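Take a look at this single chain, the form predicted alone, given in structure tokens.
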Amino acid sequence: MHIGKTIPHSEFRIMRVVRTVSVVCLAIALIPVGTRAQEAGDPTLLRSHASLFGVGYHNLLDTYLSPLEYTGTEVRILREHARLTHLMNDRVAYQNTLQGHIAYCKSPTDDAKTISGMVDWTFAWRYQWQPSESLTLQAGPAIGTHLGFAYNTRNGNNPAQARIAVDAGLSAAASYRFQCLGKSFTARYQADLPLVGAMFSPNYTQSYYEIFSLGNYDHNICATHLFQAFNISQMLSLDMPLGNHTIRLGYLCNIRQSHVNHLKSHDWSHAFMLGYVKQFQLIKPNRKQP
């Protein structure tokens, strides 16, 4: 005598299929969760991109073109990419900064104009540590390349000057996170100081026709150092939330000056910057998973 209800063979097969499908679906659902949890703990997958636009004051001197200082307005664009690397146990941050500006300046007597522009590309590797939960400090080496020009509208002979330079130095940054009105803000200061490098410059009274057409080289590739070509770039910024976005307000002070081949030059910039910051996390497949 049998006690209980006998399950038909067809219904038993359906239950077995449902159970198998459920186990497979559960396994598929758990795999991505485990992978993302592992990736979320990897700080090197975090990326930060910033795009800024600025307008400010520009002071220009180039004794190859004129003994006078020219002042005017500049327009500047800056793009920054930052991330952590695996160096020194994920404590080295890498930063790639590309910025360019164009300036329109006038002489003190307003009888001549100078148009100048420069593109700067800087790479920095900074070791970072946290004295507190809110404060992060960074310091390390940096290299930079610089390409630009200056054109004087009044000069008949030698109206333009090319600017080409490479350098290596130090980069430091400090960021502080704080809460205000229930929102998270980040204040940041960064300074880049080149120590040694090389730059192109014609010699005193030497024309570009002599350099490139006649091939008369006269110490036109000059080694530079801190006391011969003092350059420093400083950026003070504040990141603040605006809805689902992060807005960055900043002040940029960029000083470039040199004294080589009996020629003096400087570019002093003071610009107020406005832009946005985009932070995201890369999701890579875990190769250890089947």
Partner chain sequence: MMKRATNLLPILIACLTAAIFSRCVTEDDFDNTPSGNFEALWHLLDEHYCFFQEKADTYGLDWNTVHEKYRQFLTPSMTGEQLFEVCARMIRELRDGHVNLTSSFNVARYWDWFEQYPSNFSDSLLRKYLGTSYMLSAGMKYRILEDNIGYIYCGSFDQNIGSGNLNAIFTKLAICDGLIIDVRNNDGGLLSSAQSLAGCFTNQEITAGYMAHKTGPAHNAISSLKPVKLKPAEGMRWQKRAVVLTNRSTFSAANAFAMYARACPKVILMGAKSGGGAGMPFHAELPNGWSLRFSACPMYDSNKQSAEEGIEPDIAVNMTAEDLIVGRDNIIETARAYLRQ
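Remember, predicted model here, so these are calculated numbers, not experimental data. Positions refer to the first chain, counted from 1.
Below, we turn to the form predicted together with its partner chain, even though it does not appear here.
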item	value
Site check Y189, Y209 and K264: each within 4.5 Å of its partner chain in the predicted complex by heavy atom	yes
T85, N216, S184, S134 - the one with a heavy atom within 4.5 Å of its partner chain in the predicted complex	N216
The unique member of M235, A50, L61, C222 whose heavy atoms fall within 4.5 Å of its partner chain in the predicted complex	L61
Per-stretch contact check against its partner chain in the predicted complex, the hit in 115-123, 140-148, 189-197, 74-82 (non-hydrogen atom, 4.5 angstroms)	189-197
Proximity of L252 to its partner chain in the predicted complex, heavy atoms at 4.5 Å	no
4.5 angstroms heavy atom contact with its partner chain in the predicted complex for T246	no
Proximity of L68 to its partner chain in the predicted complex, heavy atoms at 4.5 Å	yes
Its partner chain contact at N155 in the predicted complex, heavy atom, 4.5 Å	yes
Contact set, 101-124 vs its partner chain in the predicted complex - heavy atom within 4.5 angstroms	S107, T109, D111, A112
